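Encoded as structure tokens, the following chain is the form predicted on its own, with no partner shown.
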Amino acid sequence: MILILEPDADLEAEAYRKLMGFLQRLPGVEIRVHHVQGSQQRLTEIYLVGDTAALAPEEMENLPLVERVVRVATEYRILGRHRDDHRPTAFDYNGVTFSQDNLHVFAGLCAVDTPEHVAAMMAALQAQGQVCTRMGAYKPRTSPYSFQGHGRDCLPYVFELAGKYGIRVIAMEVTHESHVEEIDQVLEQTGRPTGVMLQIGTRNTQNFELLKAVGRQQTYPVLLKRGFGITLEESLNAAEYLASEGNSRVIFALRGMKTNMGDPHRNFVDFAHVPVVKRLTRMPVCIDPSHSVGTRAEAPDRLLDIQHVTAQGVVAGANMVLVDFHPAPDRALVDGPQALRLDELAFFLEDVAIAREAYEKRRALAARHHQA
């Protein structure tokens, strides 16, 4: 059961002490308090875990400061979309809103290589009115001899250039708790010119200690990629690990499943699960067409496979696109064969806009159908 308190409830007030005193006396019930800070107000949610079947929602709503009560009906207690649950699906970070109703494109370098390439990428994004990007500093690789990323060494110039070109949010993968500390330290040293969305890659979807560590910090939102060889349910439970530790600002990313049934693509595209994740949870959904396709193959209609796959996800209602671009793909240190060129950025963004318009028309059609 979830108790949703009145907005900006005073946690020092006598009413809050009375509420917590009552809850602490409930037998067989564990109490977890979560705070959700929006752009205008702070929401406090109290999760009652354990034997709550005998608790009547109408009685709990009469407790001090309680505005609404949600009876949890699914396994994903915090991130799940429960019956009669009208909590928002959006959160704000560094001036950017992420929700199940809008769309952002995070085009950028899979792996940072040189300051010149970072600057060229960000300048191209600024010219197209974009405020988000992806920049890989820490790169887990299959081979121990492959380039592992520049790590902390590249963070100062990446963050400073982001500030220069108006980039508000950088999606950046972390593979260890120390990486979060390094990002935070360098952001502070550079005056926080930008924001970072911590990305947990497919190899670490079930690295539970990393999930708990990233979940405990609430400074940065998290982009969690689906595990490439596990079920959707298992990956959604990984997202719940993050939220159970306190950070519910989570975006769920679909990046394809590892199976030869997807050949000749790098992975089997799973973007049909976009509406499924939105139905089961309140998380915005990201698609990663670059790692799904893995090549720059072009169809007879002169559209790249990556564009076709992106359109499939966007038409299904995706809220974020994570896509590889590079000023010189042939010199990229990671995943150059799948990276799009900067002269294709405007083309790609316009194609995404066409797909998004199609989704909006489909949603309007559905609304008219149900009103009829």
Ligand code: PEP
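Don't overthink the numbering: it's just position in the shown sequence, from 1. Not measured: the values here are computed from a predicted model.
The form predicted together with the ligand is left out here; the points below concern that form.
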Worksheet item: Looking at Gly215, Pro221, Gly201, Gly80, which has any heavy atom no more than 4.5 Å from the ligand in the predicted complex?
Response: Gly201
Fill in: Option touching the ligand, based on a heavy atom within 4.5 Å in the predicted complex, out of Asp113, Glu173, Glu245, Asp270
Glu173
Fill in: 4.5 Å heavy atom contact, Leu322 to the ligand in the predicted complex
yes
Worksheet item: Taking heavy atoms and a 4.5 Å cut-off, does Lys139 contact the ligand in the predicted complex?
Response: yes
Item to complete: Classify Arg255 as contacting or not contacting the ligand in the predicted complex by the rule of any non-hydrogen atom within 4.5 angstroms, answering yes or no.
Response: yes
Fill in: His104 within 4.5 Å of the ligand in the predicted complex, heavy atoms
no
Worksheet entry | Contact at Glu240, Lys278 and Arg282 by the ligand in the predicted complex, all three, heavy atom at most 4.5 Å | no
Discussion item. Looking at heavy atoms inside 4.5 Å, which stretch does the ligand contact in the predicted complex, given the options 88-96, 142-150, 284-292, 231-239?
Written reply: 284-292
